[in-house]
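Shown below, as structure tokens, is a lone chain in the form predicted alone; questions about how it binds or moves come after it.
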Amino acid sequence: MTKAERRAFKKQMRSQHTLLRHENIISLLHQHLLIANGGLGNSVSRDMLEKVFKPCGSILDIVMVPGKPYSFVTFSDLSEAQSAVQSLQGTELPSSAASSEVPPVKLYLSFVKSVPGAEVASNILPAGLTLIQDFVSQEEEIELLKCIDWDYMDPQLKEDSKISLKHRRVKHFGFEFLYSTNNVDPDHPLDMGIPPECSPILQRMLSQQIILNLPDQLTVNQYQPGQGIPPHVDTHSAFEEELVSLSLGSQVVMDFKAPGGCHYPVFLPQRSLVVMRGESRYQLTHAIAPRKSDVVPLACLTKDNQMKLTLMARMERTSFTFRKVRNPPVCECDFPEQCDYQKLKKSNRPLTKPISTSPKELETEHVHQVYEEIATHFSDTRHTPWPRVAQFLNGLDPGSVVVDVGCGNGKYLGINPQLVMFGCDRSSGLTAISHERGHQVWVSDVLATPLRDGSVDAAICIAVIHHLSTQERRFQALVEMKRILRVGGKALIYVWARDQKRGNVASNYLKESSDLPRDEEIKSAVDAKDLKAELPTELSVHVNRTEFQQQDLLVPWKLKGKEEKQVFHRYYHVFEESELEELCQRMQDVEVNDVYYDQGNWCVIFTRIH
């Protein structure tokens, strides 16, 4: 037996054992074949498999299992299946069929007694969502795409929006859509209204009663394969109920997710119109995963094979999303738990407007100065290391040089005595406490760490980057972390998550509400209304121990032990799912190793590879 044959035999044995253990599928000489290493989970499509196996005989069926790196093929008789095993065992998919997203795929085949009915290909729509296929013609699609001048940059756009255009092309008409808050400023319209080429499309929507209000805001996004958007809900009070979006140039799968965890992957064909109302608009988040292909039901593409799945590569896609701005921003929807207006009204707090102060001033006043004031009290509440961070540190090689960027009181610096650890923090008060505990620390900013390139084996940055007030500053902090890592070095990043519940399980932040009476929290928020005099426009003050209603906000810190009550307000940008991962993937020479949710935080481990 040759080396390649031995490798193929071992692969067969492993795959047969896995199927028996997890799927109760028994290996037996039969016309059914298991295709190990050839499934939707590793970017192999139905078309690829049909091309490879068709010369071996008459194919009765191909079954592809969602998320699994294997599939099944059934021939009309045993002899054809035997022929396929003899001719294709251990061979690579032809270069014309192999996906450009993954390395060449080798096929390993085994006989199985039966094939599972594992494919679920229904395109179920969530409540309130309407999908209209072929809403525009090919000619209208061409005209709409032509009318967008991507070279023109509107001088009225905020600096943060201009920066965000670097990684995804975006155009705003009527009003600027602010991605940091999923909101608009209704008092500052843009000079450029919705292009006239859109008028026939909008009039058709009105005449067919698809919409009841003529939109006055349009956001055009252009996505390259592999780009996406994190889960979000457009702010309730900012826009009227109906939100409509055209998909031009390519199809895509949009993921809708309910607060309880129910997931609806919805296939949006090219030239289709999706309309969000009710639950799909107000309660469910919608997102597009950053990948280059989607698993889609064949039922969406053909009238045959209604229960089958396949893989479709994404092309360049342009979305036209139309909204009607509410002014004043008032919403009385049937979803008070998620409604920003009803929650703010209930807590007697004023509605807020987007931030227009400079990022450095905002961070100086509501991050740096606050931590200097609360350093001692803050340190007293930060004494227990988080288990997953300790696990990361204890898993490093003995003698590794590790830096904790934003080390606070140094609670992680002594976790693993076999490491050479030191830390830095922007707060001189916290670094002084850490120094008193015997740690090697210094004062520096996360954006400018005084270390040489490639000087550490690992780095951690726990609960720091969410204090940076623009996307570009958060990205630059990650780039700085990568800079100081040696090639092969790893970094662990933690940021606060907007979603403080996973399924029905609340984070520790929400569970601790019994320690802080709600009346007192609301009073603190009301007392904070004087912030209007400190900032050009208001920044929402969060009610402690409640779920976050927007991404950019001020979180109160009540300083105890004082005769006169003192409440300080720290700036936070709370992260949506996939947002931190997408920022890490923007960096060159970085590989994202792990992404996970840990007690109300989004966490990423990445490695510097060059």
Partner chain sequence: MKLLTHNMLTSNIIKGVKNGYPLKISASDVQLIDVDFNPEFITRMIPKINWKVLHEAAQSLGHANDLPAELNAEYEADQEFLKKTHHVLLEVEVQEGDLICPETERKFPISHGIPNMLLKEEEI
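By rigid core we mean the largest C-alpha set that fits within 1.5 Å across both forms. These numbers come from a predicted model, not from an experiment. Residue numbers count along the first chain shown, from 1.
The discussion below concerns the form predicted together with its partner chain, not included here.
Not one of 193, 204 and 247 places a heavy atom within 4.5 Å of its partner chain in the predicted complex.
Comparing 283-291, 311-319, 411-419, 77-85 against its partner chain in the predicted complex, the single stretch with non-hydrogen atoms within 4.5 angstroms of it is 411-419.
Think of it this way: in the predicted complex, its partner chain has a heavy atom of just one of 143, 472, 185, 457 within 4.5 Å, and the residue is 457.
Only one of 334, 134, 453, 149 lies close to its partner chain in the predicted complex, with a heavy atom inside 4.5 Å, and it is 453. In the predicted complex, its partner chain sits within 4.5 Å of a heavy atom of residue 444. Though the partner is left out of this view, residue 431 does reach within 4.5 Å of its partner chain in the predicted complex, counting heavy atoms only.
When contacts are judged by a 4.5 Å heavy atom cut-off, residue 400 counts as touching its partner chain in the predicted complex. Residue contact check for residue 138: none of its heavy atoms lie within 4.5 Å of its partner chain in the predicted complex. In a rigid-core overlay of the protein, residue 174 has its C-alpha displaced by under 2 Å between the shown form and the other one. Core-superposed comparison between the shown form and the other one: the Cα of residue 369 travels 2 Å or more.
After superposing the rigid core, the Cα of residue 73 is displaced by less than 2 Å between the shown form and the other one.
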